[in-house]
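Taken one at a time, structure 1 and structure 2 that follow are two forms of one protein chain, written as structure tokens.
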Structure 1
Amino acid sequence: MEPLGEQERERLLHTQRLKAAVHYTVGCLCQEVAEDKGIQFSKQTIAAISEITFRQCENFAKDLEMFARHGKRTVINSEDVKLLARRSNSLLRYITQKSEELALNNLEQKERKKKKSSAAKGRTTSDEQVEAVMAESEDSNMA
């Protein structure tokens, strides 16, 4: 077996870290459900749920990449995510709601920046006017 290249090795380590994070999160969620419902999950069950979850996330990522590529884009956008969630009405509604909230927040932030920017320009203009009046005053005093 030939040694892995540096990029392949980094990719493998990254994948292992992601799998470990998914496994940990699934374990925490199973523990919460177990406490709430009074049931137990075996280690094998948690491992199976973790593996299925990781594979499903990989599939989601590939689908999102394909949706963007189909749209002749290199960036995945919210419409791609909505398209991915189209089979689950509740998930689609939730994602649409959050997308609209984000769009509204972004619009509000742009408006605030615009107001700050125009206020700063207004101050600069009035500062320039004050300086011009002072210069004129000094000029008239010298004359």
Structure 2
Amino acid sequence: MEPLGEQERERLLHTQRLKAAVHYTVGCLCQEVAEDKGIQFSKQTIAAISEITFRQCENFAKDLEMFARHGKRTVINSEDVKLLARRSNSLLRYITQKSEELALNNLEQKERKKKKSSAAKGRTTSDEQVEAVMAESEDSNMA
């Protein structure tokens, strides 16, 4: 059997490290479910779920890449992820809700940055007050 080339070895190690990270996270999540349901998970079960999850990621990645390409983009965005979640109604609702929360969060962060940068530019206090009022009215419209 031919010895692995340097690059292949690197890739294998990289994959193994990622699988270990997944395994750890799966273990944590299963522990929560175990406590919730008052039941125990065998080690093999955690390993199996971990393996399945890792494999599922390959399908996810390829689908996401295709969705983005279909939209003539190289950057995968939230819409692509929602498309991925389309098969289960409850999953789609959950992901859509999370997506809206993120969008709201981003908007709030932008507002905070705007206020900071206008202060840094050394504008007069009256200008800042006008901006603050405008930002607040924008927020109330968001409901």
Partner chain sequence: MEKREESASGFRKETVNKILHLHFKDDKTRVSSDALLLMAEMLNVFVREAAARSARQAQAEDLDRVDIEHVEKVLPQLVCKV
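Keep in mind that what you see is a predicted model, and the values were worked out from it rather than measured. Please note that residue numbering is based on structure 1, beginning with 1 at the start of its sequence.
For the form predicted alone, the corresponding chain is the one labelled structure 1. Assignment of C-alpha atoms to the better-fitting superposition places Arg73 and Cys30 in two different rigid parts for the change between the two structures. The chain behaves as two rigid parts between the two structures, and the smaller of them turns through 15 degrees against the larger.
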